[in-house]
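Given as structure tokens, the chain that follows is alone and in the form predicted on its own.
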């Protein structure tokens, strides 16, 4: 998909389909603007019949028989005084869903003047690209996805938007990779295959790669991670990718939970737990590898980035982890396993210890960690836990810029009593109330107090059961754009 900004007016543009944003209360202006393309009385009646007033999420399509433009999709933007950059993103996505994809050229005409040209161009361009993505890899006879070939942002300063437009494809391809990883069935995306995906990234984008096998993880005393992997016939793979810029004043580590399938172990997932969806329990690793794909192509300065995934399955066999077992993590802490379905935090424990030994400026982990976070924040907002205000502000700003919902949650230290064990240092789950908080407090036990650290729980945001904004039904690729925005910001400052 080629995306470009063109400074020509709406009446000069030549293409087959147009998406036009309409501000609430500006219907007459819109009718006058398009009177050379659509007869004004016809368009006015069309708006009346559809009760279209330009309110947010309203839409109406107009098919044209004569002239160069064959279809115009009008999308409501709401009131001008309340207009946000994310409204443009959502409106572009709404309009894109009304386009079949067989059109050779799509035009977008929005009130660009309300925003910085680069921000507006990027938000709209990425919305069109990500909304249009369809994963048809596992269809026996896949239909042509008919992606739109060319998109023009009409009336936008091309020079001002040039750099932003050049970044759309690398970042969207990172999101696409994350979506494809999460969507892949567990018999296809095994720990071995996830490691192969990392290997492909290293080869294609000149990243450093280290993959630790089971024996090497044993030598590093990763008892918590390996305990989870024992129930599977498939070998675990500990993945470590590194991006190294020419100069570096920051070093950060991004960690993604990498359970390629989570049965729950002996605490088997039953009933409403949706065991058939547990291929997406590696959503954190998908976000981290998707971010690696984007960052490696964008090549931001001044920040060395490490990408870590402790990949394995949580299955049941004669060697599997028992409820009641005690395991020892690589920092020496012992953990009583009172629930084998709280396995992600065990794998992350050893990944966090490994990350701390790299002596980074900051660590961020992403994980589909708790159902409690979904109950608290739903499926559009991820939970953020950190004791570091600066890191919280940076990540919140990065998520906001991406249009990805995030909310800082409390690190209530008194709740730590809920994960104390009478026979070990810790137990891997606490009481049901505040379950996502005690999960974060558990992870904190494996992070050096001198290193800024943040945990992002994406259990609700990793997957959607309906077409929503830029996300078609299924894997969302949540987190890729937030992480990339954060790394880009760090290229201009030290942590």
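Residue numbers count along the first chain shown, from 1. Worth saying up front: this structure is predicted, and the values here are computed from it rather than measured.
Another form, the form predicted together with a small molecule, is not on view; read the next lines as being about it.
*Asks:* Work out which of the listed stretches, 173-181, 295-303, 367-375, 158-166, brings a heavy atom within 4.5 angstroms of the small molecule in the model of the complex.
*Replies:* Partner-contacting stretch among the options: 367-375.
*Asks:* What I'd like checked is whether 57, 87 and 129 together line the small molecule in the model of the complex, meaning each has a non-hydrogen atom within 4.5 Å of it.
*Replies:* No: none of 57, 87 and 129 comes within 4.5 Å of the small molecule in the model of the complex.
*Asks:* Is it the case that residue 135, even though its partner is missing from this view, gets within 4.5 Å of the small molecule in the model of the complex, heavy atoms only?
*Replies:* Judged by the heavy-atom cut-off of 4.5 Å, residue 135 is well away from the small molecule in the model of the complex.
*Asks:* Can you work out whether residue 339 and the small molecule are in contact in the model of the complex, taking contact to mean some heavy atom pair no more than 4.5 Å apart?
*Replies:* The answer is yes: residue 339 has a heavy atom within 4.5 Å of the small molecule.
*Asks:* Taking the small molecule as it sits in the model of the complex, is residue 151 near enough to touch it, meaning that at least one heavy atom pair lies within 4.5 angstroms?
*Replies:* No, no contact at 4.5 Å.
*Asks:* So, in the model of the complex, is residue 269 in contact with the small molecule at a 4.5 angstroms heavy atom limit?
*Replies:* Residue 269 belongs to the contact set for the small molecule.
*Asks:* Within 4.5 Å, heavy atoms only, which of 313, 404, 350, 281 is in contact with the small molecule in the model of the complex?
*Replies:* Partner contact (heavy atom, 4.5 Å) among the options: 281.
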